[in-house]
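A lone chain, given as structure tokens: the form predicted on its own.
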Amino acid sequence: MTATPVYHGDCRKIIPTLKPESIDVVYLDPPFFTQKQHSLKSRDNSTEYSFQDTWASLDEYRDCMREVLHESHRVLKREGSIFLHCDTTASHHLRLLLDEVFGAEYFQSEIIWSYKRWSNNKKGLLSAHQTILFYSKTADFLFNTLYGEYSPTTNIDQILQSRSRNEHGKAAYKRDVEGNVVLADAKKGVPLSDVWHIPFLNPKARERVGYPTQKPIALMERILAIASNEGATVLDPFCGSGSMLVAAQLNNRASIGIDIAQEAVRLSEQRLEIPIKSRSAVLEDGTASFFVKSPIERRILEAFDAVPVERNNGIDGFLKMYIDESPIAIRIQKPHETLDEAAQRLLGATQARHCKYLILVRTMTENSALFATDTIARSRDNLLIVDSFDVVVQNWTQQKTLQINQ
């Protein structure tokens, strides 16, 4: 992927220099018409970042945004989409502007970014969401469907049975001419809805850089996942701290950033130098940590009745029991990590902690040459290697499929 250009200046002057229909996704996180100056200091208090969100009138604000939207429409490809981030202050005005420039018929979704926040002294309901207006340029826009888990209220028939419309136009379970149940295709889960529960960056999050209104990488990655493929180009005309640019680089997309504040441009360029440092995995309670466990890793540790370790690159947890007055450390093999590499990281992390017995959970199958050698892992008599349930299931289903096809 080529270097990401970050331009200093007014986006209304810079976007016109871009070629028509050259951008796959435009993401706008503009001033929200708060009529305030926003400022915040970096974690070490060495730098203060600020920007003005003050306007002479609402008309001036709308004229500015109209100009940006017209240029955004010009540079978008036919299959491209635009995502405009806003809050309750001016979302209704921006929705009308998008209808005017892109056409109401190309409105796709009003995405609600929902998050938990610490309480304040405000009288009334605590604000805990922002809005992302999603429009396409044409009806032929690119869209990748993402899937999540089923609701706890979903019954088994909804998962297994195919459905169709009956003579009354209502959804009903499908049956063949003999009255037998028609099974549905293999299930992928529930398609992503327009309410996204992604935690707000708390003050101690590894990802936070001290820029006011900074957005989480996870939110940016969700937008890129549904509206683009690898190799796409993303434009962020109000790039601020550069979260969208970092997300693009981490996910093999090209990007172009613009900001009128020189310190924002410098900050974006700094984060792009080592983008992986900007990514914080997030927990549902809103806390963030670089070495946080994934949902499947948590399920594995729960099966072991183990205590998770969040901030270690070699150990994922400990059993609650000891052997010979020594803790028993667990590591879960990571994607694209050989069993030997996982064992070496586990051994390295446990040497100083006097762990006599270790457990390594294999999560990758041995079908690839990448995982063919594991001499270090299997030569240790104090190291127990076990397969996680997903590996066992994968091996079993592959064997059954081969038997059927023979």
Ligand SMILES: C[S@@+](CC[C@H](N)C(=O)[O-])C[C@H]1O[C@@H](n2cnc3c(N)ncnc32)[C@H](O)[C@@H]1O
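Residue numbers run from 1 along the displayed sequence. A quick note: this is a predicted structure, and the numbers were derived from the prediction, not measured.
Keep in mind the form predicted together with the named molecule is missing from the figure; the text below concerns it.
- Residue-level contacts in the predicted complex: of 102, 238, 83, 318, one residue has a heavy atom within 4.5 Å of the named molecule, and it is 238.
- In the predicted complex, the named molecule sits within 4.5 Å of a heavy atom of residue 9.
- Taking the partner from the other structure, the named molecule in the predicted complex has a heavy atom within 4.5 Å of a heavy atom of residue 243.
- The shortest heavy atom separation between residue 215 and the named molecule in the predicted complex is within 4.5 Å.
- Although the partner is absent here, residue 357 lies well away from the named molecule in the predicted complex, with no heavy atom inside 4.5 Å.
- The partner is not drawn, yet in the predicted complex one stretch among 75-83, 224-232, 252-260, 293-301 has residues with heavy atoms inside 4.5 Å of the named molecule: 252-260.
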